[in-house]
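Single chain ahead, by itself, as structure tokens, in the form predicted on its own.
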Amino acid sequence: MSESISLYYKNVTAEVLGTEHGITQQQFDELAEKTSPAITECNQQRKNGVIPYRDLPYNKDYPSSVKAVADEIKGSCENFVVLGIGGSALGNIALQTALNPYMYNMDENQRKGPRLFVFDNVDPMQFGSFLDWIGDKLDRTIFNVISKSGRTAETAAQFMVIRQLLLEKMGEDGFRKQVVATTDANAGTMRKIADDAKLRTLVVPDGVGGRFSVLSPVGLLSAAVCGIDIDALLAGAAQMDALCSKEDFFANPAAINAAINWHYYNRGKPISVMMPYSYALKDLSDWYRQLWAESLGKTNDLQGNQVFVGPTPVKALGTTDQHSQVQLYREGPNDKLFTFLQVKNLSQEVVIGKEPASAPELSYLSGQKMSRLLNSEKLATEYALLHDKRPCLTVLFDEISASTIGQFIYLFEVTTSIAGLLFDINAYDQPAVELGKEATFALMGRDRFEELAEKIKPVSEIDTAYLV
């Protein structure tokens, strides 16, 4: 493949930032010595089947089953609706934003498949507005409910609304025809529902957590239905796998990325800002936030010691957030590592018009390509941050394509795995999520959560003495 992505890391070095905020060659050598065993361990975990997400680029069954379902529904489907949350939604959104035009849902000439809607919330105003619109289009709408267990409250609630709507308006046959369930292969609530109703199903792979699942049927179906080349996406991930498997630290972009993030976390910079200079890449920042936060925010290390570790991921968008956040980033606390996403060759160009006669001071923009302005603003922001000794990484995209997006996803997944080993924590569980889920069950009246409901009461009661 000709198009690729690269990690550029000169602007975290002492050569650029000085020794107080930059990484010296000696420190890089020390990071290489510390990180090399983590590379080996990560590769060994993969061989032992501990981290099966790393084999997704090579799985032939998943894309084959996805294409079969996509081919079945494409002709009669005008609207494709994903019901899911977290890892069952963020990757779908990121792929769509990155690889289909901005006006995809609005302009039939720009659309290569049905309109796509991804619902990852239970806001009744949002969902109700959609239900008002979709009510007379159900026979031309496919709903993809994505839940490994089927017991996630948000997805279950969405699904139950849609199920009742379809049963009332189209009967059991209509329900069966309009729903695809992506769930566990053998067990769980959603598997029972799907088998009982004889729904079409795809598999959520065993051992692949939601935040690592976008290259599985979880993310591939909506992509394939909407005309994205999932073969190229997976091939790009495989291309990055070859680099991320290298035992040589200085040849492994995931290892360097993880080590730099680990280094700065331990030197007073615990905040990681991802700032794409491309609207198409903006939702990759949301996907990254879940991957980074849920994987690396942990109370205990692998020995059971309390460490309360975890870098904080922040999303920004160039050039938008130059006008909302860069004041803080330059003059506020020097506690952040910045990762820019930059595209060398954008697939569409706009030329800026001629300046008005009354505003000759705008002549410098006249006739210029908008892509030049966008990338100049990235460089200008980076320069300003470096001026104030703020460390910066850049992920350089030759272009935005299915291949380079696959490379990016895989790079940051392996970066997360290696960072987890450096932090000496389990990067694949999320124990802190459970209490919030259980509290929701209690508040919604689920059986066996009565005691927890009583404990929540003091929090739920508003003390008017503190209302102003």
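As the structure is a computational prediction, the values presented were derived from the model and not from experiment. Start at 1 and count along the sequence shown; that's the residue number.
Although not depicted, the form predicted in complex with a small molecule is the subject of the following passage.
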Every residue of 4, 278 and 282 near the small molecule in the predicted complex, heavy atom within 4.5 Å: no
In the predicted complex, the one of 272, 152, 144, 381 near the small molecule [non-hydrogen atom within 4.5 angstroms]: 152
Position in contact with the small molecule when the complex is considered in the predicted complex, options 298, 191, 211, 336, heavy atoms within 4.5 Å: 211
In the predicted complex, segment of 430-438, 412-420, 48-56, 395-403 with a heavy atom within 4.5 Å of the small molecule: 430-438
Residue contact check: residue 241 to the small molecule in the predicted complex, 4.5 Å heavy atom: no
Partner proximity in the predicted complex: residue 86 to the small molecule, non-hydrogen atom cutoff 4.5 Å: yes
Any non-hydrogen atom of residue 290 within 4.5 angstroms of the small molecule in the predicted complex: yes
